[in-house]
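The form predicted alone is given below as one chain in structure tokens.
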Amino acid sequence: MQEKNSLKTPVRYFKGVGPKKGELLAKLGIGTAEDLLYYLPARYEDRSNLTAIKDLKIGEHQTVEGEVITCTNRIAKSGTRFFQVAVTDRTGFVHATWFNQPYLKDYFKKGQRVILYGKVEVHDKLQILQPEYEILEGDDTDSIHIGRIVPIYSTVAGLGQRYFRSLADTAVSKYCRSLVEKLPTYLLAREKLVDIKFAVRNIHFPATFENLEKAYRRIVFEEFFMLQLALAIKKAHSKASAEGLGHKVSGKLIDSFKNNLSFELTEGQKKAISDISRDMSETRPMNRLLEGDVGSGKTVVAAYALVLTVQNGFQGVIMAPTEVLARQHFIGLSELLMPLGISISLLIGGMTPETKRQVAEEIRSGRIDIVVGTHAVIQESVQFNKLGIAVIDEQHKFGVTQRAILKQKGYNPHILVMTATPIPRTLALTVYGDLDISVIRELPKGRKPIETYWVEEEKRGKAYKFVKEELEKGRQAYVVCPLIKARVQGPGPKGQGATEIYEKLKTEIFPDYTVALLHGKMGLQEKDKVMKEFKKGKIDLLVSTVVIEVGIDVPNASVMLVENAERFGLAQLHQLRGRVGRGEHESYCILLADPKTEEAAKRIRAIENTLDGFQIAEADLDIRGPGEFFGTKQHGLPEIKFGNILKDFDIMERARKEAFGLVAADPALSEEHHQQLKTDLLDKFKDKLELINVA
């Protein structure tokens, strides 16, 4: 039995909430009074200043109140069904129109007072299309529904605005007083934050927009602060944890590695190598993110770290998300490291059990210095003799657990995680707030810019003609498809299939050239053979799925043609484009696309207009929003529910500064005024204990 006014009181005990409504609320993640208090409105309507119909401005979103004088279902000349009501407030008339919602006739009645909110337009007559609406009941002039700033919530069918608003009002009235302040008084004063009771009350039912702003800032600050506090504790703990493996950074092996390089390192590579040298020379484990655009030369920097650990008598491992990428790393690192006498081996799932057992034995005995592999390297049977560094490539494609298992393969090894998906600073402070970050911004000398073109489906023939012209020059080309086989029916978006495109290009479009097919369901040996022949120039045109997204390096390939480009994410398109432009030839990326949504069109325009991966990442974050840019499963952090790390970045930075300052002063949160913080932190992150260590 819950105590009276307990925040944990189930919402099913609220008046008007039965089993069915309880199930609907559960869909929104609302099970208790506390959940309801922290279910924030999606937006607000200022119903304290309603606009008279005669004063409505075309093209603007406005709110009107009036009386329904007619309501009827109609059919347009085009055959489209719509429901329309005429509303008057004695100063004029406006029509509200909803398409394909005939059931609304059961809700609206002549003589009712209604609130309408939406964009005002003129189509033969003054209209508001698809407006938000609320039917007023009784004397609503002094209520939570009108005559004030009114909260509008995101709900599901069956939970109307009036009903939900009344529930929120009950929660605020009865349970807000039970909220416990977790932020210390000195922090509230320094950051000029209102207390939590005021914040929650005014986030739902603000008396003024000024109060709403104060409430929002307080709630968002607390959310960001708790997240940054967990990251600060994790970072402090990793630096204060058991001694790592201090490395000597000078020696003959590392000198030979540098002298054997056939190219000059970029300033970004030199700076990253300097950061890694400093980290690995210390006796606490390195935890560094190496962030660089496609083709910026991260692998060479990783190779330096691997050579450094071998020079100090340790082993190194690099884990990649796909077998294709692992093989590419193996080939590239073999060319760099074998001349130095470093033994390197590949370990991937597609190998025979006997081969895997043999490689595992050589790793255990220490006969192998460097292991390159996929998830296979974290299998229980793989035991390292003396692991010095673990490198995780394209790390966002691995889960938190997989990274933790790899780290446990040694005694506090150094950790270097790499990504070719540039991360906006806003996200870096959120997702990688516990890591030190090195960024390689520039590309190696000699890299030519890649010309990118958006080509509509009707001009496909011209695109193929251009590809043929490049093949005639002796170049090679990629054609990438979103699917292995075309989907023409059933659920999910339709798209070009690699197998069908391959047959067409091979027999009809490019019969005089060697065309090959590559996709994820092919056998390991078959895939390996295709890639080797393409790299040797024996294949002119490679039709593929995104299996070639990262890690493929064929300098003679000058054209990347992407089928159904609107089906790919921005980061994916940027990665695919990075497969060309790796040699001395002018290179091109052709995006065959007919986007059906504005979001898809924005992605195509963004990739067409810039080659800078960091600008593309910012655009991607802006288009998709922070909630989708990185799935929480990958980085292991709780979802950001209240704040927007783009719009509220200044609050994030303030919260981060305060959190890291607090942990520097009180690492274990042992001071009395931090006890509530400690309790809440452990509760909030109870499922993610790898983030914190203050218990």
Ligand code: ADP
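Heads up: residue numbers just count along the shown sequence, starting at 1. Here the structure is a predicted model, which means the values were calculated and not measured.
The discussion below concerns the form predicted together with adenosine-5'-diphosphate (ADP), not included here.
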query	finding
Open or blocked: site for adenosine-5'-diphosphate (ADP), pose in the predicted bound form superimposed, 2.4 Å backbone/C-beta cut-off, 3-atom minimum	open
Single option in Y163, F198, F209, F263 placed near adenosine-5'-diphosphate (ADP) in the predicted bound form, where near means a heavy atom within 4.5 Å	F263
The single option of T374, N412, T299, Q496 touching adenosine-5'-diphosphate (ADP) in the predicted bound form, heavy atom within 4.5 Å	T299
P151 within 4.5 Å of adenosine-5'-diphosphate (ADP) in the predicted bound form, heavy atoms	no
K235 within 4.5 Å of adenosine-5'-diphosphate (ADP) in the predicted bound form, heavy atoms	no
Contact test in the predicted bound form: G295 vs adenosine-5'-diphosphate (ADP), heavy atoms, 4.5 Å	yes
Partner contact for K602 in the predicted bound form: adenosine-5'-diphosphate (ADP), 4.5 angstroms, heavy atom	no
One stretch from 381-389, 266-274, 585-593, 81-89 that, in the predicted bound form, holds residues within 4.5 Å of adenosine-5'-diphosphate (ADP) by heavy atom	266-274
